[in-house]
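In the form predicted on its own, a lone chain appears below as structure tokens.
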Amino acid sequence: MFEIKSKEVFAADIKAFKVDAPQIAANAKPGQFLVVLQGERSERVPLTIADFDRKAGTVTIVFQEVGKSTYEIGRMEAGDRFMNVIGPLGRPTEIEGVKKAVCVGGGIGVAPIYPIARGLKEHGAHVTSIIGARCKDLLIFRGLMEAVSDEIIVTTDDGSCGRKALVTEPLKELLEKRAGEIGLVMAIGPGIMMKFVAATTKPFGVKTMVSLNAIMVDATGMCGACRCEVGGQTKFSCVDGPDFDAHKVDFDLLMARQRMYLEEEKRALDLYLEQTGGRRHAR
């Protein structure tokens, strides 16, 4: 059993758990993910590893409560245990040999881009980070990102923290000044954000990678649920990714597949809340 050592609440529906998982922590690398199973009859939930501490034997996961399963997980507290945690899964982010990188994180995507920025910094890269959220209250991991970045740019949609802008605006300005110097742009966030990051970097010819948060079931490449189209070929984000060349990803197909079960998720959560007397978070 995998004990939750600590819980942090970033917003009403955004939580972070530090979980005791020594073997996963010992082998985890930036960009990889894991699957949590709350109980014997629970859904398998894939979550990117937001941090790992090899000495303490812990891994950190950050998630947003969207459907019934993540809502149930969000009710767990420090001292509770997951029945199983599987990982690390997926291919690690390629960070060696990069001299200058820009890490772009949007919304909850700031959490999984943190270990990538840290890994780049540890391998000697100059790291510029651009992190954004809808508002100040939804901006997460800012202090951690500052600690591993040579420079950091903060944006919010409403201007409540940092610059009032989308992350693509300062990214374009950086590229106009230093495109020839930047060896990698890494972006994690909502599909629409990653799509426009790719569109921003493409004219400059800068290598751009994204981490795809596709729907997964078994997370081992057997079910095919996480298939995506990259360069005209079908790929499985769980075993071929989750990192892919942003300029080759069919983002429209990705986002369409992400929306496939929204109604089912809503009905399942509504039924669960009706049965338990819980309340849906205001968005």
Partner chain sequence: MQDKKDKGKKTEARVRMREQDPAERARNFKEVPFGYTPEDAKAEASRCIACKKPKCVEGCPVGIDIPGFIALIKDGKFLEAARHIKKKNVLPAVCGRVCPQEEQCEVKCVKGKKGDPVSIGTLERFAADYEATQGEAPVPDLPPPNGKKVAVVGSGPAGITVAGDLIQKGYGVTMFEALHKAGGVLIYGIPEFRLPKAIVDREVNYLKKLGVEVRTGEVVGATVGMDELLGEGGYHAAFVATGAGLPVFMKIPGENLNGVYSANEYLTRSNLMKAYLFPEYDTPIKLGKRVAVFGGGNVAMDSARTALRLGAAEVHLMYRRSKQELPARAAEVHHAEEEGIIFDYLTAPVRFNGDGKGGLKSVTSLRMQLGEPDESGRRKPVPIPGSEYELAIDTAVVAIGNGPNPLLLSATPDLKLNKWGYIEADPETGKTSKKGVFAGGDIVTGSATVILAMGAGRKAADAMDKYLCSGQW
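Residue numbers count along the first chain shown, from 1. None of the values given here were measured: they were computed from a predicted structure.
FYI, the form predicted in complex with the partner chain isn't displayed, but the following is about it.
Although the partner is absent here, Val9 sits far enough away that none of its heavy atoms falls within 4.5 Å of the partner chain in the predicted complex. For Arg54, no non-hydrogen atom is located within 4.5 Å of the partner chain in the predicted complex, even though that partner is not displayed. Put simply, Ile153 is far from the partner chain in the predicted complex: not one heavy atom of it is within 4.5 Å. With a 4.5 Å cutoff on heavy atoms, Gly67 does not count as touching the partner chain in the predicted complex; it lies far away. The three marked residues, Leu47, Cys161 and Lys164, fail to reach the partner chain in the predicted complex, with no heavy atom of any inside 4.5 Å. In terms of contact with the partner chain in the predicted complex, the residue from Leu89, Met209, Ile95, Leu174 that brings a heavy atom within 4.5 Å is Leu89.
Contacts between stretch 37-54 and the partner chain, counted in the predicted complex as any heavy atom lying within 4.5 Å, involve Leu37, Glu40, Arg41, Ser42, Glu43, Arg44, listed in sequence order.
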